[in-house]
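Before any questions on how it binds or moves, here is one chain, the form predicted alone, in structure tokens.
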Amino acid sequence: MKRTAGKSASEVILVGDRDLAKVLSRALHVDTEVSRWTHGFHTWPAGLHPDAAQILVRAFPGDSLLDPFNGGGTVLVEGIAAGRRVHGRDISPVALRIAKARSCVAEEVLLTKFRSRSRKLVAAAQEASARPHDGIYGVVSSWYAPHVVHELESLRVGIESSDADIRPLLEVCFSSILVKVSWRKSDTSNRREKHHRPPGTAAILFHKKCRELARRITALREDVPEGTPSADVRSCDARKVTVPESVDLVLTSPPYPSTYDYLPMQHLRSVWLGDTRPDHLEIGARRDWRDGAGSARNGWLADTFHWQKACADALKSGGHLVVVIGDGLSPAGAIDTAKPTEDAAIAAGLKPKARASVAREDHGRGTQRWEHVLVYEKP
């Protein structure tokens, strides 16, 4: 379930195994704020609720788990906390950075090195006056105050020259502040809202995020069962997903059709971090429906089959695919996701086991939208 706090459920439908469907329904109804471990460290649009992920991971015991749309890494965190061998896949470079850092269980010696380096970067950033090269500056200059650009450039250069073992942690802390210190309204809105931040604010915020991440990683490491391997997080198209072992559980929340353009949303981060975004690989992107609802729907249906077939191939016999998805809303009307997802799973050789669906009022659009958790078993 995506984060839907404040949106009350008006109707519930349970299908299949009654006891299991009740568990799925419970996962759809969680809406409290969660800050345990690394949850909530870095924003990620419409991320799966941590308690929903925990309920669903625990409902299907086993040794291994795959999330082919790992996003910010919520399922991966809950998986390693449950002692599972965890595999995460995504096409978004930003998502992969966040997921790797959030599912990291680094030892204290590495975290000490990370904190020490962050202090040096902050001290340099507070004295910074250089601007980025034209490739970055031409994009970011209209989104930040000049002194913020100088601080961010100093941090960027300092992170690039840092040791490889701590660079991923520094990068995700840098990523976490890039929208906060910009004139962009939010991660999901491109509206420009100018405001004044005193010099040094970006550097100080970066330092706070580094200290926070170190604390959160320590808390996670202390609760992860001894012997649990680090999460295996890699770039991969979900339609062609591969893992080094067959898994007991695939638990994922694919993009809701015609809801977000996830990769373009990360434009500022992509520019600062030097990422190349594979926008053409994104499934269910909102922009596709703007270009033509009929062709977009056909493409989404084909993609839904292909990623579920790839996941079915990755499952052990008797393993489960759990899909958390909500209906979309295009210019042409509502987009049902439950039946197409089920049809594709059956075509991929999986057997329906249970489903819970919850209707929620979407007051912003004056309509009702459904969210679903669907479970399939590999014979």
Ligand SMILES: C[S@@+](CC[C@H](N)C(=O)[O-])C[C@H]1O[C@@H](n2cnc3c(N)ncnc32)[C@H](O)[C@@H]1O
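Computed from a predicted model, the values in this text were never measured in an experiment. Numbers follow the displayed sequence, beginning with 1.
The following text describes the form predicted in complex with the named molecule, which does not appear among the structures shown.
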Original post:
If contact means any heavy atom within 4.5 Å, which of 181 to 189, 154 to 162, 255 to 263, 205 to 213 contacts the named molecule in the model of the complex?
Top reply: 255 to 263
**OP:** Check, residue by residue, if S64, Q308 and A312 all come within 4.5 Å of the named molecule in the model of the complex, counting heavy atoms only.
**Re:** no
**OP:** Go through I177, A95, A81, A101 and name the one with a heavy atom inside 4.5 Å of the named molecule in the model of the complex.
**Re:** A95
Subject >> Single option in L48, A345, A27, V323 placed near the named molecule in the model of the complex, where near means a heavy atom within 4.5 Å >> reply: L48
Subject >> Close approach of E171 to the named molecule in the model of the complex, 4.5 Å, heavy atom >> reply: no
Original post:
Is there a non-hydrogen atom of V105 within 4.5 angstroms of a non-hydrogen atom of the named molecule in the model of the complex?
Top reply: no
Original post:
Quick one: is R239 in contact with the named molecule in the model of the complex, heavy atoms, 4.5 Å cut-off?
Top reply: yes
Subject >> Close approach of T74 to the named molecule in the model of the complex, 4.5 Å, heavy atom >> reply: yes
Original post:
For the stretch 273 to 294, which residues lie within 4.5 Å of the named molecule in the model of the complex by non-hydrogen atom distance?
Top reply: L281, E282, I283
